[in-house]
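Here's a solo chain for you in structure tokens, the form predicted on its own.
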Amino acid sequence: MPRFDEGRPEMTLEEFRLLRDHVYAHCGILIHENMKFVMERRLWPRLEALGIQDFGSYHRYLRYDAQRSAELEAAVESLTTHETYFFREPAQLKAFCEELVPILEKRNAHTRRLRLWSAGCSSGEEAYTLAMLLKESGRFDDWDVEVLGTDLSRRVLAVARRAEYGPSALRATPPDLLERYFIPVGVNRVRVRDDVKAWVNFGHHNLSDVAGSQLVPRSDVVFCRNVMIYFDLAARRRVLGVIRDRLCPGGYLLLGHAENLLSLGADFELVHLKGDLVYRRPELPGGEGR
């Protein structure tokens, strides 16, 4: 019986390292050598789409072709996963609602302006979740509120902007919130209501792009959950530097539960909430908030 991949090019170790390093330099995502098999299979469709016969030629295409930028995005798209859903990690969201939201309301009462950043937002479920939770609080109805979702993948950002989801994305959504913030649009599919969408914007952003990050507005809270697990130590430090710079002094950083800042030497304070541990950018001298 022939192999299912018979006739497709194999990736040499040298080709793997060249492609791995190219992807890492672009976005900080580190692919370990034990993932060579996965990289080979995920990039096969890209070679077939371009009519390229081997991975060495594909690496040269990524380096020198006029379409190299678009192809590099397509390659990274193929190598990354975007699994997420609404109301993910409910214990952390509960701590955010019960302990941080009242602080934010008091702290920003003089400006009545609130900014949240969902960094690595994938297809938008987290950004919309945060907007729904802010609406549920009833504290910010007449405030200037924006939840910014950014991601490296233009494909998932298109899904986020469309704001239509199926059962997998909704599997942890409480029934009452499903009824309150979504409208049916087809068999087993719903769309986020317009009043929630009005608080959410999306933009393309590479977290490793330090210069480009200056375009991200300063935020009161950054959610960057289950994103830095793809980075090595150097890339994590670089990304944390970006996040710290884009956080208001005294602003909060919430990571995924499998992530922490140990060994990173990051300039954040650990804050013990009743229901979670979060990080905070230290206040400026004199306690200035911004």
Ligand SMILES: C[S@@+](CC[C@H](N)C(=O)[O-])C[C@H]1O[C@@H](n2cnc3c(N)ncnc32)[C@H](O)[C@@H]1O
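What you are looking at is a predicted structure, and each value in this text was computed from that prediction instead of being measured. Residue indices: 1-based, along the sequence shown.
Beyond the structure shown, there is the form predicted in complex with the named molecule, which is absent from this document and is the topic of what follows.
Enquirer: Just to confirm the contact call: exactly one of 97 to 105, 135 to 143, 170 to 178, 119 to 127 touches the named molecule in the model of the complex at a 4.5 Å heavy atom cutoff, so which is it?
Expert: Looking at the partner contacts, the answer comes out as 119 to 127.
Enquirer: Give a yes or no for Val196: in the model of the complex, does one of its heavy atoms lie within 4.5 Å of a heavy atom belonging to the named molecule?
Expert: Output for Val196 is no: heavy atoms all beyond 4.5 Å of the named molecule.
Enquirer: Using the partner position in the model of the complex, report whether Val190 sits within 4.5 Å of the named molecule, counting heavy atoms only.
Expert: Close contact is absent here: in the model of the complex, Val190 is far from the named molecule, nothing within 4.5 Å, heavy atoms only.
Enquirer: Is there any non-hydrogen atom of Asn226 lying within 4.5 Å of the named molecule in the model of the complex?
Expert: Output for Asn226 is yes: heavy atoms within 4.5 Å of the named molecule.
Enquirer: Does any heavy atom of Thr84 come within 4.5 Å of a heavy atom of the named molecule in the model of the complex?
Expert: Although the named molecule is absent here, Thr84 would touch it in the model of the complex, with heavy atoms inside 4.5 Å.
Enquirer: Given that the named molecule is left out here, which of Leu47, Ile29, Leu261, Met35 has a heavy atom within 4.5 Å of it in the model of the complex?
Expert: Result of the distance check: Ile29.
Enquirer: Do any residues of 204 to 231 have a non-hydrogen atom within 4.5 angstroms of the named molecule in the model of the complex? If so, which ones, in sequence order?
Expert: The stretch touches the partner through His205, Asn206, Leu207, Ser208, Arg225, Asn226, Val227, Tyr230, Phe231.
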